[in-house]
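The chain that follows stands alone, in the form predicted on its own, written as structure tokens.
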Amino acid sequence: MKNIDVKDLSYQPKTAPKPILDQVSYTFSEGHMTALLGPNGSGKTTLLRHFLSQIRVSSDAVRIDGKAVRDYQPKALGQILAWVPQSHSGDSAFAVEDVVQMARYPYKSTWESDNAEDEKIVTEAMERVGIAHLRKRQFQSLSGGEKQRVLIARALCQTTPWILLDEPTSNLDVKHQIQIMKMLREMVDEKKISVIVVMHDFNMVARYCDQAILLKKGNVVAKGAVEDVLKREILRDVYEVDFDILDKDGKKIYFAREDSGNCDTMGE
């Protein structure tokens, strides 16, 4: 079981007046699509960067499959976790298929070239995300949404048991938002891939995710099944906005209320 275990993780850079993460504990269980929620600045991306060893700390607060993240070699970690950042400015001089193909690096020795199996994986990843027609285009020439889909295809091409995504639908139109979220859900259900996704859209979370962890100012406010986290009173306390929650065909639909006013004085 390659669970990601977080225990009492705190992080405060020297320049920060207070911790970005404060005693965060949670077990991200294999086989789930977990939403990472919270207002801007609540520590969501920082938490994922600890998983990726982009932020290195001396403690063993983050473990994958029982082993501290800091003890993994980069290639070994790259065979477990794939990462889709919120934005990406590199790889601008490469064609789309080359950007996607870079994901095969963790499986290669020095100077080892790609083989037929690698090329098959690259093609399947691009087809799954719907960018095969862009394969010869230069990455820098693409729109923001197209670039985002290329990065998602690259993560799929990495063939890891875990995929981490930071607001993957932020640059996508509605059609492609649904396509990507549906695809991720199918991969969890059919291919037993585990997904952690930073999201702000509660309706997408309610439709496609099964677990959630909600952060505010670096602290865990709620965690567990999505329906237990996305409760009106919890969301109101965290986001300082009231919500109307409707039930349609067994799914919750969330509407932020414009007349919320001062949440400290709102009644139920």
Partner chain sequence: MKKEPLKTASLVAATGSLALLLAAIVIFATATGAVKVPLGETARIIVSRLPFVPKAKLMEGVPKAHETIIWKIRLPRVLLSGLVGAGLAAAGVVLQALFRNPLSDPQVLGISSGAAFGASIAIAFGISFTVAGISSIWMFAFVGAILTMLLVFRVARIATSHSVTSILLAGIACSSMLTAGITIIMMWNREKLEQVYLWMLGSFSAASWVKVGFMGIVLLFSVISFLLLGRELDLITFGDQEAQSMGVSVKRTRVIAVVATSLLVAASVSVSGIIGFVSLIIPHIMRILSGPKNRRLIPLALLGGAIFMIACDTLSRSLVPPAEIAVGAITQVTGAPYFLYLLWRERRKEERE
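None of these values were measured; they are calculated from a predicted model. Residue numbers count along the first chain shown, from 1.
Not pictured, yet referred to below: the form predicted together with the partner chain.
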query	finding
The partner chain in the model of the complex: contacting segment from 148-156, 192-200, 169-177, 125-133, heavy atom within 4.5 Å	148-156
Non-hydrogen atom within 4.5 angstroms of the partner chain in the model of the complex for each of Ala93, Val99 and Pro106	yes
Heavy atom of Gln54 within 4.5 Å of the partner chain in the model of the complex	yes
Any non-hydrogen atom of Pro74 within 4.5 angstroms of the partner chain in the model of the complex	yes
Arg49: touches the partner chain in the model of the complex, heavy atom cutoff 4.5 angstroms	yes
Heavy atom of His88 within 4.5 Å of the partner chain in the model of the complex	yes
Residues within 4.5 Å of the partner chain in the model of the complex, restricted to 111-126 and counted by heavy atom	Trp111, Glu112, Ser113, Asp114
